[in-house]
Structures are given as C-alpha cells and as structure tokens.
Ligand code: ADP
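Below, in structure tokens: the form predicted on its own, a single chain.
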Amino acid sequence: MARRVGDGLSPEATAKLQTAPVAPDLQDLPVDQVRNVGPQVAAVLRSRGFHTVGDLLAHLPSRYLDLRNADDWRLVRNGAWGSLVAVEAKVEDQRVAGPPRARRIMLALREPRGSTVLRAVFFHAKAGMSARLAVGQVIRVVGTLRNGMTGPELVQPKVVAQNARTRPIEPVYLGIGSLAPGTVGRILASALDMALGWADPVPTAVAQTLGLPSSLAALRMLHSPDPALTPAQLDALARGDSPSHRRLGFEELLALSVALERARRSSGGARRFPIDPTVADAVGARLNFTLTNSQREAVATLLGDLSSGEPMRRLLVGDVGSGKTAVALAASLAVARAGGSVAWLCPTTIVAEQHAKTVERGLGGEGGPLAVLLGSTTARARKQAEKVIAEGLVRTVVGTHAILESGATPPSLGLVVIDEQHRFGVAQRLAMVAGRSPSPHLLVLSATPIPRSLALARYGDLDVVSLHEKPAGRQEVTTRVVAPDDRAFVVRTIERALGAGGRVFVVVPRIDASDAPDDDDEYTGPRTDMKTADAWLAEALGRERIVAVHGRMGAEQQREALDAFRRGTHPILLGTTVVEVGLDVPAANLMVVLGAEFFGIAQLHQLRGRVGRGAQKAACLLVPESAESEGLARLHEVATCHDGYKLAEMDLERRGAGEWFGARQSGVDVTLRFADPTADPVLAAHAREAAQRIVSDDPTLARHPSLARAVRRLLARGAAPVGEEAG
C-alpha cells in the first residue's frame, strides 16, 4: 500500500494553507463526546470513518416517513392499503417459526379501544425480540399497510415503545456497522443538539446574497424536518436536492475554492523555460512514432505556458490511447534541456516503473540520472536517493505517493506531471506545488473524460487542453458481450489471439471470495474471483501459460509477473483492476473481462484501452456472470460505443461522480459529502467567486477562523492517498 503523507500536505504547503491555531469547532469534537456513544459504540463508528460530530451529521437519512396523518386506526379499519400508519396496539397473540438464523415472528395486534386486529410480520428476527413483543404489551408500530391473506398487515414494521410519540416527519437512517438504525437515529439526534453551538463557515452576507439558509438551519431541516413542509419540499429532501443540501454543498465548495485560491496566490511567479520547437520531434523519434496534429498543438500550448513566467496549471484531457504521455514527455524535455527538474507522480507501482522507462527513453539522457521512488522502496535506498536529489545530482524523479514525502523531489522543481489525476486527492496536488518559490509548473493528465475532468478544472483553476486524435495505426478494438456460460467461446478466442502472437489480459472483479458467502441469498456482489477463473483457464489452456497479478502481491512479484507476460513466456495475464491504467504492452491483443457487469462504463473503457496499442487488430470480450443482470445494458453500450467522452457521461449518470478529489470513481463521495458539481455548476461558480473575494480581502483568513477550519477539514478528507495497488 502507499505510504501516508501525514495530513497529505508538505510542511511548506501546510504553512501556506493553514492559519494560526484556533479553538476547534464543536463539530470537530470526537464521537465519544456525544450522548449515547460509549467506548464500544465509538469504536464501531471510528471503524466506519465517523470520527467527529461533523462526520456523524454528514450521515443523512436514507428516507423520511411522513407520519403527519398516520396515527389513525381508521386507516386500518377502512383498508387504506399503501398508506403509512403509526398506531399503538396491544399484542394479543404471538407466534414464532423458523430456525434461529431465519426466525419469523408473527403478531396479532388489537386496537386499544376497539376490535380491529392488525397483523405484523418480522423476518430474520433477532434474539430477544420475541420477549420484547410479548403478549399483553402495548407497542407502537410504524409501517406501510397492506392487504394480507388474513386482513390488514404490516411487514417488517418499525417498533417503538408504548407512549413514544413519533415525529410528524420521521427520518430513517441506515445502520452503521453493527449499530442498528434505531441506535444511529438516537446518536444523530444527540449530535444535532451539539450543532447549536458551532460557528458557520460561510459568512452570513454571502449566504444571504445567495438566498441560502444557515448551516444550523440546513442540518436541522435534514435531520429533523419542519412539520410544515409541503409534500414537494419533503420529496426534495428525500431526493437530496433541497435548499438545505445546496447550502451544505456550497459550504464544501467554498472551502475547497478558498484552499485552491490561497494556493494559487501563494505560488508567486514561476521559472521561464524557453520555447523549444524541436522537443516534439525528439520525443517522437525516441519513442519511435509520429505525433498527431492534436498532440503537436497540445505541446505548443504547454511550451507557451512554460515560457510565460506564470505558473502553468494545466489539465491535459485525452481518451485512452490518445498519447497524453508523449505530450507530457515533450514538456518535460523542454524543462530538462533548460536545466530544470521534473517529477512524475503516478497512481501505482506498475505505472510508475513503466513510466520511468518511458521517461528515460523520451528524455534520452538529457534529464540526467533518474530516481524511482515507490511505497516499496527500502528505507536505505530512499535515504540514498534523497541525498543525491538534495545535492542536485538527480533532476528527474518518477514515483508513486512516496514522492509526496519531504526530500523526495528536487529543491528547485520546475515541472510536476501527475498521471491519472482522478486517482489522487486534491491535497496531493497541492502538496506538489504549494509553498515552493518559484512555483513549479503543473501538468495533470486524465483519461477519465468530460464532464468530471472539466469539473476538476473548474475548481482547481486549471486550464484545459484536449487531445482528440489517436496515433496513426491505432485500430478500434472490437468489443463483444459474451453469454455468461459460453466459456468455450472465450477459450477459442484466447487461443486465436495467442496464435497470432499476442498477449491476453483476463480481468476479474475480486481477488478472492472470502466476503461472498455461498449461503447468503442477499449477497449481490461479484462471485467471480482469481481462484475460480484460474481453475478453468488452467484446465482449458494450460497452467504454464498463465501468470497472475493483483494488489496483494509485493512489488517484486508484480514486476516478475509482468515481465513474464511481456516476454511471452506466460502470455495470459490473470489479474484485477491493477492493470486498469497506464500499463502498455504493445503485443496485447485481447482483453477478457469476467464478471463485467460489476465494472463501471468508464472502467471497462479503460480496460479495453490496454489492448490494441500495437499494430495488430485487437478485441475485448465482456463476460457477465448472469444473463438477467441489469448491467447488461451497460455492457452493450460499451460494446457499441468507443467514444470515451460519451461513455463517461453515461457512467456519471448511472453510478454517480465518485470521489471528485479522492480515489473512488463511482458512488457516494467522501470528500464532497453534499456537493454535486455536475448537478449544480452555478453553485460552484458562486463558491469560486466568493472565495476570490474573501481571500483577496483576508489572505490569511484571520477574520474567518471557522472557514479556515472548514478548509482544513475538507483537505484532510481528500488527503488520504489511494492504495498503490487497488483490487
């Protein structure tokens, strides 16, 4: 795994980005200071990433129960099927059935002052539940009324104590680890009480100008909705696009914009590197290919930036196989020829080692000796590398997150290249350039296309340059969705690819099946893993032809496996998504993705981009686990579309943006908890404008201490690097 770099910023960057120490906000208090949170509960919360009161209040309800008209037995008597009811009832009868692990409890509940009977059914009842629901007890049940075989019934209703009054609008939370939803709700209610005492990071005048509520008002609305809400307003809360969500999203965007604005202002000037129009041809000759017109235009743009005296802040966007590395190498060569130093930050050990060889070839020795620093680099080797780097004997450094540590880059750094920008947190990017004078130029590369990359540019004050052509001779990869049980076709296709002198990737979604129990019918994750795939591939194709690579292997093991694959002694590489980015094997002509429905669209496109990088025709087989999977539609979209921009937009719509400034590429973001830059770019623009005004008027944030703390909190969430080898 990658080394962690303290809080993600270098000491110099920290000094620039942080103000003088101030008292912490109440939302920074540890979770064990919240009522209803003892040592054991606190341990569970911390294990799931909930360390502070602020972390807790970011855990929003999964839905809301509108109980304003639900406390009425007439709904039951009149058979208002589908209605939400919240009624008190006496347990008149109880029956228990099924084995301990699948116990069912069935109750007959009678109206306290009437004769109406309501049936309640609980599946997978926990131990002790039958005792709490004993005959004669009066309880309150909340659930959706349905017409059962014996009359009105509730299935898996929520149970609260007698005389406990439900709120008119009841928030429903998901459990956290072993903590039941009810326990989580009580903890959140206590945390909300503490919100009364913390400072609002957004200046009042800014919030009022935009018509946004205060931070406290927004949190109260989310965790304890106003009973006067209209149905439309409640729907907006449930969807996550209410004014309260927008307000808390603005708070995050403002903190991020302030951090980036301060970093930009603190950077000062940059060293001028003269324009050298020969670098593109030099790199092309050394790498043995001709640059496209698009690449040459991008190189010219970067050379202009490098010569301006202003710090270059560029995002180079290009689809898989468009030649971003060659463009970055041309910029690196221009810096090296002028005596400058260059650092390449890469997402994985595999990519770093591959780039080190490519950089060495592309620079042709003009950058002097090259140092490679990885998470697996020994302490002794690292100490020696830091010594020669500090003495100026090494001007080119390539590495993973290890180069974020102090002493790992040349003191007079001229250019920083960050490959696969989406795999790093914003704090890593700031750590590479903030606090240095003159400021290094910055070039970040991304094959994850629009709109996410452009949104990153919008926040990071990056100028975008795009590549729209692929190098000459690069052919489109034929993509086919294969029936789940058609292993014979997969084997025949692999044999044909190998017969043409090629190499074959076989990618699976999991290393092992340890967290996919065979007897769990509710498990919906992938069951295809390295072991099962290896078994049938070895039987059909021969064990001696297969080599494996995954994130739990050491760097040397991975290196040996990849060397065997490249040489062709083991022409089939079985692995996880550790091969997703940056791996260049020109002889690879077939990509087989097993359990393909468990990969995102952009991820499948990245995997497909690992083949067809040579002169021969290449193919990609997408093999789902099930023919009934909803993911089949996505697979057919990938098979019929080779435009990475369109595919990324589809992926964004289906899976969410992932971590905009962190590691994950789908789902719910942990850095931006409330903000959705794609859904509300106008809000992002307002945050950027407000940040510019605030930093211009108060560069140290001395008059905005709560905003300064919000900046630190957000950077800390985005500071943790991803593991060097995922999967």
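Just so we're clear, the structure is a prediction, and the values are computed from it rather than from any experiment. All residue numbers are counted from 1 along the displayed sequence.
Missing here is the form predicted together with this ligand; even so, the following discussion is about that form.
Please tell me whether any heavy atom belonging to residue 289 falls inside 4.5 Å of a heavy atom of this ligand, as the geometry stands in the predicted complex. Because a heavy atom of residue 289 falls inside 4.5 Å of this ligand in the predicted complex, the answer is yes.
I'd like to know if residue 324 sits close to this ligand in the predicted complex, meaning any non-hydrogen atom pair within 4.5 angstroms. Contact with this ligand, yes.
Using a 4.5 angstroms cut-off on non-hydrogen atoms, would residue 110 count as touching this ligand in the predicted complex? No, residue 110 is distant from the partner.
May I ask you to check whether residue 471 falls inside a 4.5 Å heavy atom distance of this ligand in the predicted complex? The answer is yes: residue 471 has a heavy atom within 4.5 Å of this ligand.
Partner absent here, but in the predicted complex, which of 500-508, 289-297, 372-380, 204-212 has residues with a heavy atom within 4.5 Å of this ligand? In short, 289-297.
Taking this ligand in the predicted complex as the reference, which of 613, 570, 158, 103 has a non-hydrogen atom within 4.5 Å? For this set of options, the contacting one is 613.
May I ask you to choose, among 462, 434, 320, 622, the residue with a heavy atom within 4.5 Å of this ligand in the predicted complex? It is 320 that has a heavy atom within 4.5 Å of the partner.
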